[in-house]
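Quick setup: the structure tokens below cover two forms of a single protein chain, split into structure 1 and structure 2.
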Structure 1
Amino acid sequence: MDTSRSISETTASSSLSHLVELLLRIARLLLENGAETRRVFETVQEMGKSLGVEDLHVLVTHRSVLITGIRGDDIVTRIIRVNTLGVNFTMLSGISRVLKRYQRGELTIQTVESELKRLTAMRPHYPRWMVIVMVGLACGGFSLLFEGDAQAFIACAIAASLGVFVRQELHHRAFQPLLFFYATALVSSLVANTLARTLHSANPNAALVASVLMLVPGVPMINAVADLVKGHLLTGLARATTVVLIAFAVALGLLTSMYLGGFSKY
């Protein structure tokens, strides 16, 4: 019994459990880097089909993935935990390319695995200072969209850059996310408001509101509604809850800075 199994495992190119593990790794990478639920389902199903797993059952929750694969008489069920929830579009793009290349026959299972390893080990495309500067400018752009003037733009850009720096530092030190959302909102809005008033901006509120916009959980928000619309109610609700919690943390930060700054109208 034991010997026959070990023989079949060495002769078959890959065991079923190995394939299911691979699918789970792909699903986890997608979820951790900002993919909506339907995308996880479709990618796993397609990849499973091309890997020769006849029957595949997938369950996705917001913090775990469960896959059952059936091939012949073999049945394997595995579950994987999903840890951080971030956004990295290079990973999503990379995985979809790996899938396409595998389907065209350009990759083997071994090279798929090494490609996934390469993607995971890849450093971000943009150096840290560039993220700080660009997000500052982005929030400045938002203040212009809110009818802010040049002074509001400058105040907002500086405040938001500082906020991104604070967020990166707190994130690096593994603080609870809600805590660093609160702290970042507090710092950014306090700096934006003080600076905009010192520079005599005609519309300091544009700077104040725009300076915390890099804290809007845009991707989870869009994914939440996308999941809900496409019938994945549980993951959709879980994501929506996260979004509401983050928005509350940021609003509390804003409110605190308003009392600290001694102004109650905005």
Structure 2
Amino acid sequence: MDTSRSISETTASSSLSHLVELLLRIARLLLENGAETRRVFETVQEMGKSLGVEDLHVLVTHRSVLITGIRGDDIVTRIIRVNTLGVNFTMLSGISRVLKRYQRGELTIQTVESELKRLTAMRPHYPRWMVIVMVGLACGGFSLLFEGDAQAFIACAIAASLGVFVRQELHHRAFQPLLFFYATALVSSLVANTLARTLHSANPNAALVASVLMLVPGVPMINAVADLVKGHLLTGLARATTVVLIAFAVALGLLTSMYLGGFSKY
């Protein structure tokens, strides 16, 4: 890493305020795409040193990031709000590659900003229909693991695909996240139960349960545990609370569909 090149460049062409705002954008992108708190903290600290910021204080919460940068006699404090919380490992790996290229001297600050904008505007690798079909087949496969038969597999695959479609539509329309978790669980489980019984499945409950497995908040759950273990108690508790609320919304959707469609124990 050419530290002298980085420091001289930032001192000559970039104000401390500009550098802190760049670090805030990086932190927000990491949080919005599923990074744990420790990774955000360490990435911002490491990038701050590369940018020539002499001292950096970072506070990461569940929905905001506050950074104070110090360089010489200049002190700048900025805060930014984190918007939607999702999971996008392509974005996380892309940000890591951009920052490593800057540290190797391959990029300037301006090209780093351009690369971040390109990553933000990047379209998904897979078309929407493929995601819908593949998630449906995956949930159908889980129904077979739950001792479901071919009829349960078909019912679960169709129901889960429809549930993914509903979730995508509600997400694009910026509905409250807990609402679309509830609606997706309701639609998927109700359709799975109804289809499995219509097809005379020997175990329709396998289709019902497996149809909502795509709603399990695996990454937020892992991040919550990681934050708690690594001492980020407030962020960890906030994430754990979010996981509990998501699980409650999914369970409520299941209960509603069981009430509407009938449920029998096998």
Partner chain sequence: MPVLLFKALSAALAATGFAVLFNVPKRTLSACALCGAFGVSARILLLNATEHTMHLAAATLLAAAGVSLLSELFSRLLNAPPAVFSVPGVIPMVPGSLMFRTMVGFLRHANANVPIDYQALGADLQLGLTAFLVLMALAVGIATPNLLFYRRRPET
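If you superpose the two forms and keep the largest set of C-alpha atoms that fall within 1.5 Å, you have the rigid core. FYI, numbering is relative to structure 1, first residue = 1. Only a predicted model underlies this, so the values are computations on that prediction, with no experimental measurement involved.
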Between structures 1 and 2, the form predicted in complex with its partner chain corresponds to structure 1
So that I can tell if residue 109 moves, could you say whether its C-alpha shifts by at least 2 Å between structures 1 and 2 after the core superposition?
no
Taking the rigid core as the frame, does residue 75 move its C-alpha by 2 Å or more between structures 1 and 2?
no
Is residue 145 one of the residues whose C-alpha moves 2 Å or more between structures 1 and 2 after the core fit?
yes
